[in-house]
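So this first bit is one chain, no partners, the form predicted on its own, shown in structure tokens.
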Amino acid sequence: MKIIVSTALAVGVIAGPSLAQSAQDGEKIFKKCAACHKVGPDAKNSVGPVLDGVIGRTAGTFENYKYSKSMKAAGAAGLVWSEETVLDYLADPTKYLRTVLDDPRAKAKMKFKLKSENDRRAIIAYLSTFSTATMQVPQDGFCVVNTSEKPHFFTAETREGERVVSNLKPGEQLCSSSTAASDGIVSVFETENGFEGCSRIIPVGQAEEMQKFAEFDRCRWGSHNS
């Protein structure tokens, strides 16, 4: 059994106003999904699970939702919802699970197929605005979340020089606390021995998402969607 991760990079080149426009389009297209899936502060599981924070989440793991055996098996095998994996899944959910599980009998509870690639990308841009990151930030802290599809090495440093480090898998979060400053600095490198990476200044009480890694400070961050 193996997980196949899409190598499509087209989403990664969307930036600034274009990404914002895509999210606006995605909000309209999401009406097709709203009968089964909910998003937002008061969202609850329905026919499908809540989709807040789905980018970066391990498949089949949202609490209190009854997933199919195939979806839980995909999560156990290592499937994490990235922009690329969601893009492929939305085109044909059952076909996608059969591919990643190498099981011709695998089935998805979701029968709806979204054939248009542009519509799928717009939906993903919209869902990316519903992050769980800001729901998990300590009152006196700041955090960074790895919502890319690969593990990366992260640091979180206070203005006082206190530094925490961690190799974060997709969906994992690193936080640091500071009571003496209004912000802190987070950085990401491809590996622990990486030399060139990306850094962001984050206000205390907030979180930042690293959505796609690129050297020389060219990563894509969640705040680019704002």
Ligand code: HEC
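Note that the coordinates shown come from a computational prediction; the quantities given were computed from them, not determined experimentally. Residue numbers run from 1 along the displayed sequence.
Beyond the structure shown, there is the form predicted together with the ligand, which is absent from this document and is the topic of what follows.
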Q. Where, among 165-173, 63-71, 197-205, 181-189, do residues come within 4.5 Å of the ligand in the predicted bound form by heavy atom distance?
A. 63-71
Q: Give a yes or no on whether each residue among Cys33, Pro49 and Ala59 has a heavy atom within 4.5 Å of the ligand in the predicted bound form.
A: yes
Q.
Under a 4.5 angstroms heavy atom criterion, identify the one residue in Val100, Met110, Ala106, Ala156 near the ligand in the predicted bound form.
A. Met110
Q: Give a yes/no on whether Tyr96 approaches the ligand to within 4.5 Å in the predicted bound form, heavy atoms considered.
A: no
Q: Evaluate Leu114 for contact with the ligand in the predicted bound form, applying a 4.5 angstroms cut-off between non-hydrogen atoms, and reply yes or no.
A: yes
(Q) Val145 versus the ligand, in the predicted bound form: is there a non-hydrogen atom within 4.5 Å? (A) no
Q. Closest heavy atom of Ala125 to the ligand in the predicted bound form, within 4.5 Å or not?
A. no
Q) Knowing the Cα distance between Thr147 and Leu51 changes 3 Å or more in the predicted bound form, does it shrink or grow relative to here? A) closer
Q: Say whether the C-alpha atoms of Thr147 and Pro41 sit closer together or farther apart in the predicted bound form than in the form shown here, given that their separation changes by 3 Å or more.
A: closer
